[in-house]
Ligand SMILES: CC(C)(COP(=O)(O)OP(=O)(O)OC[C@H]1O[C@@H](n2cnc3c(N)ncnc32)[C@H](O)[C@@H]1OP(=O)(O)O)[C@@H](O)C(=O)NCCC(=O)NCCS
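Here we start with a single chain on its own, the form predicted on its own, put down as structure tokens.
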């Protein structure tokens, strides 16, 4: 049994711990950065918990977070400056998709990504932009993301692909 909900400031420590399990220190968001993001855009910070049979949260399994903006491309400055968030922005940027290593390849990130896509569509956004390493390209393509080639991002000293999922506007 799982539960998906938005982050609260009380979740910051658990989120920071999971971030360090999923990314090298050079790429991982810091505890203070995570706290600032939660304060600025809590409704763009989705958490998936594994729950006990009675429905109480047992463990943070996965999370996705990011800001919204009118800018079309994800810039490195967005990771560090939550003031760049524009609640009415057209594009949902995704900074990270984190899943505990012992829960990977079991459908949790897929379940959470589907929720993020659904919420983002419902909020009338033009689409979602993220960067990923080449090895994860296929995972995001399953949802309809299209690679736009190598990103300008140098975050963590890594080569990133920029991926975009565009929604049809009616």
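Residue numbers count along the first chain shown, from 1. Please read all numbers here as calculations on a predicted model, not as lab measurements.
Keep in mind that the form predicted in complex with the named molecule is missing from the display, and what follows is about it.
Colleague: Where, among 121-129, 66-74, 108-116, 31-39, do residues come within 4.5 Å of the named molecule in the predicted complex by heavy atom distance?
Modeller: That would be 108-116.
Colleague: Can you tell me whether residue 78 touches the named molecule? I mean in the predicted complex, with a 4.5 angstroms heavy atom cut-off.
Modeller: No - in the predicted complex, heavy atoms of residue 78 and the named molecule never come within 4.5 Å of each other.
Colleague: Taking heavy atoms and a 4.5 Å cut-off, does residue 140 contact the named molecule in the predicted complex?
Modeller: Contact with the named molecule, yes.
Colleague: Might residue 51 be said to contact the named molecule in the predicted complex, defining contact as any heavy atom within 4.5 Å?
Modeller: No, no contact at 4.5 Å.
Colleague: Could you tell me if residue 93 has a non-hydrogen atom within 4.5 Å of the named molecule in the predicted complex?
Modeller: No, no contact at 4.5 Å.
Colleague: For a quick check, can you give me the residues of 13-51 that have a heavy atom within 4.5 Å of the named molecule in the predicted complex?
Modeller: Residues within 4.5 Å: 22, 23.
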